[in-house]
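Next up: a single chain in structure tokens, the form predicted on its own.
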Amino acid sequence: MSEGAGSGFLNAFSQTKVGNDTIFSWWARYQEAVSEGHDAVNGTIGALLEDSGELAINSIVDKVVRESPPVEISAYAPLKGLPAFLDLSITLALGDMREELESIGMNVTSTASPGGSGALFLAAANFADRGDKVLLRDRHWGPYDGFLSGCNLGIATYPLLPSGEITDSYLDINSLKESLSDLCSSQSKVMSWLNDPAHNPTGLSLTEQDRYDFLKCFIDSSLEHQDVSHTLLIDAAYHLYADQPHGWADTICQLLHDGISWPDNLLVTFALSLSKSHTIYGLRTGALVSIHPDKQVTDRIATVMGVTGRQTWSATSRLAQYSVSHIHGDEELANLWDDERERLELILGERRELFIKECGKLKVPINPTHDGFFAWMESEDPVHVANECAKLQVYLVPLTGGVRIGLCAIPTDKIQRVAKALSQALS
């Protein structure tokens, strides 16, 4: 079919939408290989699979979903979300630091969304002026580009890792400062999206000092450019599979306890997803959680996000909101859910540790990787590397600047084979 077909019906922006999603196209190649009888390895998709290859499903969540009252399955949810779920989402974002942050004057609001992607859309649609650029790391989840361009927003980037001498830091603070300064000189609003901890596509997590330096950089920029609003969005899609799931709430508390005043023109917001943490990908449930010292600010944000949701998807699924709220409102169920989550986290940890070890043996130059679903190898020709691996029936995803390795999907006993395929692809 010609890409020009239908052009008389589609607007100019729609006509820029071409091709297939890279991740799903490589997943299709894996599926085709299996259908042809090959012993293929799936490192393509961003869903956690058991070593058997079956989708990992938290049995407690599955049980509560299936036993939910009919009205909780069929009825609309309130436009902003079920009150119990909104309260839970704040706790999931801030953890044990929630009470302390609220006690020292920070106000928090939440809006339910269809998955973490819905939360990202709420931010893109409301926290930046059309035509502005949003600040990202140069290695980021590809669909960010689509969310932003769909809201007529551009992208500015800074390096994922510092260049030159190896240090204990995973933050290029000088590049971050320079990028912020450049945007503040040309925009009245500056927004940055940061997927941390357990970054997709690398599995990188910032250190405690990195987080402190990062947030201090935003505070300093806000104070220096008081006529420019600053929004820092923490994409927390994988945070409950990280060693420090609520590190950003800890860092906010630490900065405030150090006597640093919170600027009025700085907002921190969390894009929360239940897809991975509660293994309910298809029920599309998440939230946008925003924190600011002025209650008038958070109240206004709650109104705007609720209206945006109403005008876009109406209301978010009630079933998932009810189910997870019910689980976390019952101590026994919550403990059982967490036991299962820990089991899944251990599977990921075992695969990552083995992958790092095998790549070290074979001198495969993977990036630092700590938490979550993925690992990453930089490459100037990622499509070539992925194609060479595919010849060995190992299917990975070539993205801008490198190859994503979906540890979440690779059976533990196939990890060594993936490292060997990368080694051969490089040689």
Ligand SMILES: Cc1ncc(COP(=O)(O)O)c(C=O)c1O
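Since this is a predicted model, take the numbers as computed values, not measurements. For every residue, the number given is its place in the sequence shown, counted from 1.
Unshown form predicted together with the ligand; subsequent notes refer to it.
Interface stretch in the model of the complex with the ligand - options 274-282, 168-176, 84-92, 302-310, non-hydrogen atom within 4.5 Å: Within 4.5 Å of the partner lies stretch 274-282.
Check, residue by residue, if Ser117, Trp141 and Asn200 all come within 4.5 Å of the ligand in the model of the complex, counting heavy atoms only. Checked in the model of the complex: all three residues contact the ligand.
Of Thr269, Thr109, Ser323, Asn195, which residue is found within 4.5 angstroms of the ligand in the model of the complex when only non-hydrogen atoms are counted? Partner contact (heavy atom, 4.5 Å) among the options: Asn195.
Scan Tyr238, Phe127, Phe355, Trp248 and let me know which has any heavy atom within 4.5 Å of the ligand in the model of the complex. If I apply the 4.5 Å criterion carefully, the residue I get is Tyr238.
Taking only heavy atoms into account, state which residues of 318-352 are within 4.5 Å of the ligand in the model of the complex, ordered by sequence. Read in sequence order, no residue approaches the ligand (within 4.5 Å, in the model of the complex).
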